[in-house]
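A single chain, nothing else alongside it, follows as structure tokens in the form predicted on its own.
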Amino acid sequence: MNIESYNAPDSIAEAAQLLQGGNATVVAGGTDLTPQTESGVRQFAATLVNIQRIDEMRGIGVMNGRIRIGGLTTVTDILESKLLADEAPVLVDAADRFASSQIRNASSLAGNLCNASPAGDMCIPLLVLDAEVELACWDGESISTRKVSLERFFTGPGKSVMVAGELMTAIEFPRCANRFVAAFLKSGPRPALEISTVSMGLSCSLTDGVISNVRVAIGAVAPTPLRAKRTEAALEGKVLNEATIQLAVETAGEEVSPIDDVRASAWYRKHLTGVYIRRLLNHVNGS
């Protein structure tokens, strides 16, 4: 390892200054970083910045009418949050299917997103919740922040719009409206402790049998977590009946571009995509 210095800042400002120049590795829970560095997929930079002491990056609350989750908030914190159970249970459902208790205790929400895996479990519910991420950096005199919609955040496997020196400090999304329904599904050989073969989230409103405000997100079927825009358009404003569901199944199958790998074939992933969109829409119809 080529680590030359270790730092444990206790504020975002201090961390942002340490990250200037980009020759630094950020460590939070380490549940992705540790296996990646041990396997040689990644290497530590000269400066190691442990951000675990930054209390201002923790917590779940409401700010300006939006749900705000600190970047260091753990998956266990999400699973046990009464606020999220009431406001965004789809996120709690995903947390319940995430790895094991030990990993949930350490994994940070920002870390899971920054890993930018096409199969990242927390990406999918946050996409259907219209989440955005807050990115902070040091501009030479003070902290500078920008917000990016999660839909635009991912650019490829393991890649995102983050630039050198930036830190993901928080995740936000709107509070849910009346008649809002959202659900999450994930497949794998086991219920948890498994990378998704396919995962899917759906959110919408259902009024007098008509579906609207539709969001569909699918994991492990494209180079990035996918917002299925064509599938959303096929559903938006339609009466939710068998014909509409069948159209969504066909559209979703055309929209994904899965690969063959050790977990599943491309054919099976495409098949599961159709199965899952049908299950989620039937769930909405029965809600």
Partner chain sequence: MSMEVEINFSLNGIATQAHVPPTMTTLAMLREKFDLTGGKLACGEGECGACTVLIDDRTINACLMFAVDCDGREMQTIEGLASASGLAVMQQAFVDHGAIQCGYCMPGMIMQAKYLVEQNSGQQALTRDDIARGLEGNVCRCSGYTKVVDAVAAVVLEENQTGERAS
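Positions refer to the first chain, counted from 1. All values reported here derive from a predicted model rather than from experimental measurement.
We do not show the form predicted in complex with its partner chain, though everything after this point is about it.
Taken together, the three residues Glu4, Thr31 and Pro35 all lie with some non-hydrogen atom within 4.5 angstroms of its partner chain in the predicted bound form. Note that among 207-215, 76-84, 133-141, 161-169, the stretch whose heavy atoms approach its partner chain to within 4.5 Å in the predicted bound form is 76-84.
Listed residues Val27, Leu240, Ala234, Val256 were compared with its partner chain in the predicted bound form; Val27 is the one with a heavy atom within 4.5 Å. Contact annotation: of the candidates Thr224, Gln52, Thr244, Thr251, the single residue with a non-hydrogen atom within 4.5 angstroms of its partner chain in the predicted bound form is Gln52. When contacts are judged by a 4.5 Å heavy atom cut-off, Asn115 does not count as touching its partner chain in the predicted bound form. Though the partner is left out of this view, Asp96 does reach within 4.5 Å of its partner chain in the predicted bound form, counting heavy atoms only. Although the partner is absent here, Ala106 is a contact residue: one of its heavy atoms lies within 4.5 angstroms of its partner chain in the predicted bound form.
Proximity of Thr155 to its partner chain in the predicted bound form falls outside the 4.5 Å heavy atom cutoff.
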